[in-house]
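Consider the single chain below, provided in structure tokens and representing the form predicted alone.
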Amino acid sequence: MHKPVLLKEVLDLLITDPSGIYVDGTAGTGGHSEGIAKIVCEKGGRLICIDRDPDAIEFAKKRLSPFSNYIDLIRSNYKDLDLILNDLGIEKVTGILLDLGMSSMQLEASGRGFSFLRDEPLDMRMDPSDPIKAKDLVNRLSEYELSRIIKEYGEENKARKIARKIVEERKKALIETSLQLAKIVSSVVQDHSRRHHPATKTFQALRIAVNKELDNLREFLEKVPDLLEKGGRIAIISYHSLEDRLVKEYIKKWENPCTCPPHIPYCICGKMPVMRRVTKKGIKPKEEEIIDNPRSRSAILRVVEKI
């Protein structure tokens, strides 16, 4: 079963009022949700669990069944939280959690080609009703567009060579499986000094592009201050620098929204801080958690409070 990352830290920092309303925007298999529910539900609180993946929703429903009277389980995209809350008749919430990582269920059992270690259809959609698959990008995009995606979303320094090789290979036969793609990338990336599999960054890039992960996160972060009650908190666990950079950018904007030119001696725009960070730096897993759950090694938790 998927182990929730930084669970104790999330519970300690996120839950300020056990009788409040909390949102797990990326419920996955329900690990964090279960931890929140154990504290909140016995105090009369409420938990809203959201996920795009129908398989995750079904799994979480079983796991969270003991708390079903206090939980709303909704298949949707967390970026639409304002609409979800409106439908539920809720104006603001006490806390929001986002865990932006992949669950082990998605990697190992979804059959959607998220892993480069399995021979599965090259799909990578978290929501199977979305129209574009990874296979579509790999077989249809120009060499330039493929290179841009792999470079921008995967931070892969061999993006151009990988894109060129993909275009060469797809002329011979369509690239339809995860193992096909992994072999193509590995034939280009032969850097034995890398800690991770040669295809790691390319698969990350395609997954981000297919699911519009950074666009969703940016759209959501724009809405956050309006969704939290005063003193309410948001906790976000990121796993790569692109996500964490975006989160830090918004934290900075929330803490210092002033748009006045630097040469003006005092603020005339009137924009006041709306949030403050709860911990000065991001929180990383302790060594014992990384040993127990190696997937947690790149996680970083940031927690911010509504002023």
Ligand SMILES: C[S@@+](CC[C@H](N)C(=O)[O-])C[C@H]1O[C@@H](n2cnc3c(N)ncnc32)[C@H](O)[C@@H]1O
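One rule holds for the numbers: they count along the sequence shown, beginning at 1. Bear in mind the structure is a predicted one, so any value in this text is a computation, not a measurement.
There is another form of this protein, the form predicted in complex with the ligand, and it is not shown here; the text below is about that form.
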Look up in the predicted bound form whether R295 has a non-hydrogen atom within 4.5 angstroms of the ligand, and give yes or no.
yes
M275: heavy atom within 4.5 Å of the ligand in the predicted bound form?
no
Taking 4.5 angstroms as the cut-off for heavy atoms, does G232 touch the ligand in the predicted bound form?
no
Taking heavy atoms only, is E156 within 4.5 angstroms of the ligand in the predicted bound form?
no
So which stretch, 275-283, 64-72, 259-267, 28-36, is the one near the ligand in the predicted bound form (non-hydrogen atoms, 4.5 Å)?
28-36
From V247, A56, V40, I48: within 4.5 Å of the ligand in the predicted bound form by heavy atoms is A56
Counting any non-hydrogen atom inside 4.5 Å, which residue from S110, S147, N77, S178 sits next to the ligand in the predicted bound form?
N77
